[in-house]
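Taking the form predicted on its own, here's one chain by itself in structure tokens.
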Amino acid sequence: MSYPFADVSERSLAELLSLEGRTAVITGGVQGLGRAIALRLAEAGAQIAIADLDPKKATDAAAAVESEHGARAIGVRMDVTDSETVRTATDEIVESLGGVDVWVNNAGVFPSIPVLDMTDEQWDDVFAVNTRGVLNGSREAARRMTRGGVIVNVVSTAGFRGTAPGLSAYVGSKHAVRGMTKQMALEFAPNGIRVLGVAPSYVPTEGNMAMAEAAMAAAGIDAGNMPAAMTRSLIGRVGTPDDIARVVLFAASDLATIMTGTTLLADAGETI
């Protein structure tokens, strides 16, 4: 069996980092980590498609990316839990931008609900976004990656260990995505597609701040101590969205050609 991954050892550092001529899709890309990832991939030269449930927010975010970096960018409506809307949105992206080369499964939810209070529906809702959403996006991406490509799954340190009380569904879903990353890497390799995970620790974003406050309240922790309580950073500070975006850029670029199937911890040493 032939595996179409070129040896890129003779390319310059600039060539290895560049995403010129490629199209990157970021789900949940209107704010937080997704927005930071879109900006960095655009800076590296990629065309950008920002996918979100809210088409206006997606279009506005794409316009901001285009304005800042001059890269062509579009926004599309996508419900990652619905395979039909993922397919339709991906078709729209291919028609507008010419293909798909990088797909970042970033959309996620993280309600804080203790196990004893959680309903079946609440559990299923978390897995629908965090796990089935990765399946839906990866499947449509791989079908379009006729010239090879890269799928990056935004996991979490919650995919490696237990975390705050109330996050059992989130922790379970992220452990599942780590396993999916391995299996999809195995299945997609003959098509020249690499699959990597990036696992951030707690990073202050709009969504994470709300989640953290709810989790800390459930645990009876003063929200004023949030930075200390939410991270055990060994670098002397909490991470930023751009810290994570740079790791995603590395994973998506040819710098990481030798890597597939693994999940990179972007956690400031938190899980040591």
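Position 1 is the first residue in the sequence shown; the rest follow in order. The structure presented is a predicted model; accordingly, all values stated were derived computationally and were not measured.
Beyond what is shown, the protein has a form predicted in complex with a small molecule; the following relates to that form.
The closest non-hydrogen atom of P200 lies within 4.5 Å of the small molecule in the model of the complex. Not displayed here, the small molecule is approached by L33 to within 4.5 Å at the level of heavy atoms in the model of the complex. Although the partner is absent here, F188 is not a contact residue: none of its heavy atoms lies within 4.5 angstroms of the small molecule in the model of the complex.
The shortest heavy atom separation between M118 and the small molecule in the model of the complex exceeds 4.5 Å. The stretch from 91-99, 141-149, 160-168, 72-80 that comes within 4.5 Å of the small molecule in the model of the complex, counting heavy atoms only, is 72-80. No member of the trio R22, Q47 and A62 reaches the small molecule in the model of the complex with any non-hydrogen atom inside 4.5 Å.
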